[in-house]
Structure formats: structure tokens, C-alpha cells
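The chain below stands alone, shown as C-alpha cells; this is the form predicted alone.
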Amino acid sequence: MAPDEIAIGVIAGMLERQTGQVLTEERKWRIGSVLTGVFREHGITSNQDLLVLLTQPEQSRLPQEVVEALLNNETYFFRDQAVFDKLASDIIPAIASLRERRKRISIWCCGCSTGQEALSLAVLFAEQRARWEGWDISILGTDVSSRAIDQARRAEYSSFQIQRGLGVTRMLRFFEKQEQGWTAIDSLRRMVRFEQHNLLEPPPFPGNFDLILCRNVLLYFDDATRRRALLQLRKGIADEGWLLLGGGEGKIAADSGFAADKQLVSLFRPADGGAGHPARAAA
């Protein structure tokens, strides 16, 4: 095996061990481009040089830097508008019907990257402030990337990021212009908390989520790892809760304790849920 192939194999193995993500042959080409910044910062000129540095004790932070660079943090506000329309018009109201007595809704956004998805959900609630008066709306965003979570907590976005999926009205209402870009207003930020979390680990506190969004995360796992992740999601979701996956991730969910919903492709409920479909249970 050529030295470069050995180095790439070690890098791919490191990514999989830390995150569960598999760097397939089709994605290995990304290594050269996404590690450019790491190479420049450490004076590295090749994958072989990187491999040597990774073995040196004084470079204890380098493995995490490499993994962070390899993660795909692609996201934007209201990604797939049809999904958010369905959440606003049907799914969230149906959950609210079940939770009318306790007046609390708990949502978990897995693989939230730099926070746009979680903040988009917060916008949906903020736009109906009177409807949710007296309710406890808890939105948790998690990601395996500490760098992405740091930005999500700051809720700071460049002009390019803020315009991706966010209309002018929402941008001016819920974000403030700063010297370096845009920042979410305090009332929006208070609705969301962000934590670093690996999806292959037990669900974060408090668990028993009414709605879990895990979109375009499972695509980077092999079949066995997807099943492990879905097992953790099942542990974290309420029996009558909802699981929303990405458009191409539904097949394996049906084999992992979840039942497909007829209303929306990629929408699931626990197959053994006790309360049934929220809309029917509330009727």
C-alpha cells in the first residue's frame, strides 16, 4: 500500500472512531481540500507529514483539529422550507394538543452544526408569541463538533450565512446587525441551548423529547452505526413523539423501532409508542 493511502486510512479511521462517520471512497477526495487550514497552521506539506505529527505527544490537540475539519457542517436557516411549513402547520400544533396540561414542549436537534436549524425552530415559536404565552418551549441543539457548537452558542452569522434561507423580514425582526455580521436577539437565544454530544452516546438530558430532528446525519454512518444511533434516538424520544430524518434516511429507521408516518416522507414515530399518533390522540 502506498504511503499516502496508509495516511488516508489512518485519518479516516480516526474520524470513524471519534464520530462514527465513515469516510467512504467517494468522500476521501475531501481530505486534501478540508485540511488545507490545518496543514498551513502546522507547516504540513503532505498527508504523510500529518501522520508523523499525529504520533507525537506534544500534538495532543491535532487529532481533534483534523476531525473537526473533516466534519461536514453544511446547514442553513429553514433548510427544506416544506418541512418547516409542515412543522408549523401540523406537527407542532398536534404535539401541543397532547401537552396542553403540562404546557411544555421539548425538542432535540441532532447534528445541529452552527445552530441555524435550532434557531429556525425558535423563530416558528417566536412568531406566535401570544399562542405560546405561559408555555415552556425547550429546544436543544447538539453536535459532535465543538467548533460548530461554539459558534451556535454565540449565534453569530456572516452576511452570507444569514441570507441563506432567512427572508428579510425575519432577519430584521430576529437578528441584529453587528460589525462582523448578524447576531440572534436575546429572546431568541434564550429559547435554545447548545451542547456538544455524540449521537452514538446516550441521549442528552432531559430525554423524553416530543420532537427529534436528525436530518442528514445518518447518511455518514454505515448500516451498523445507523442502527446504534437510532437506538439512542429511540431511548430519547417520548412514546408519542416524532422523529424527523433527512429525505434519504428513512429505510433503515423502519427496521430500528420506528414506524413511518403517512403525512410526510422521512417522518417517524416509535413503533411501540403507547399514545399513538398525536393528531389522532388529541382528537
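Residue indices: 1-based, along the sequence shown. Predicted, not measured: the structure shown is a model, and the values here were computed from it.
Below, we turn to the form predicted in complex with a small molecule, even though it does not appear here.
### in the model of the complex, Asn198 touching the small molecule (heavy atom, 4.5 Å)
Asn198: contacts the small molecule in the model of the complex.
### Message
Although the partner isn't part of this model, could you tell me whether Phe221 comes within 4.5 Å of the small molecule in the model of the complex, counting any heavy atom of the residue?
### Response
Heavy-atom contact with the small molecule at 4.5 Å: present for Phe221.
### Message
Residue-level question: is Val123 within 4.5 Å of the small molecule in the model of the complex, judged on heavy atoms?
### Response
No - in the model of the complex, heavy atoms of Val123 and the small molecule never come within 4.5 Å of each other.
### Task
Give a yes or no for Asn73: in the model of the complex, does one of its heavy atoms lie within 4.5 Å of a heavy atom belonging to the small molecule?
Although the small molecule is absent here, Asn73 would touch it in the model of the complex, with heavy atoms inside 4.5 Å.
### Query
Okay, which stretch from 74-82, 127-135, 165-173, 92-100 lines the small molecule in the model of the complex, with non-hydrogen atoms inside 4.5 Å?
Of the options, only 74-82 has residues within 4.5 Å of the partner.
### Query
Just one of Ala184, Leu140, Leu211, Val144 has a heavy atom within 4.5 angstroms of the small molecule in the model of the complex, so which one?
If I apply the 4.5 Å criterion carefully, the residue I get is Val144.
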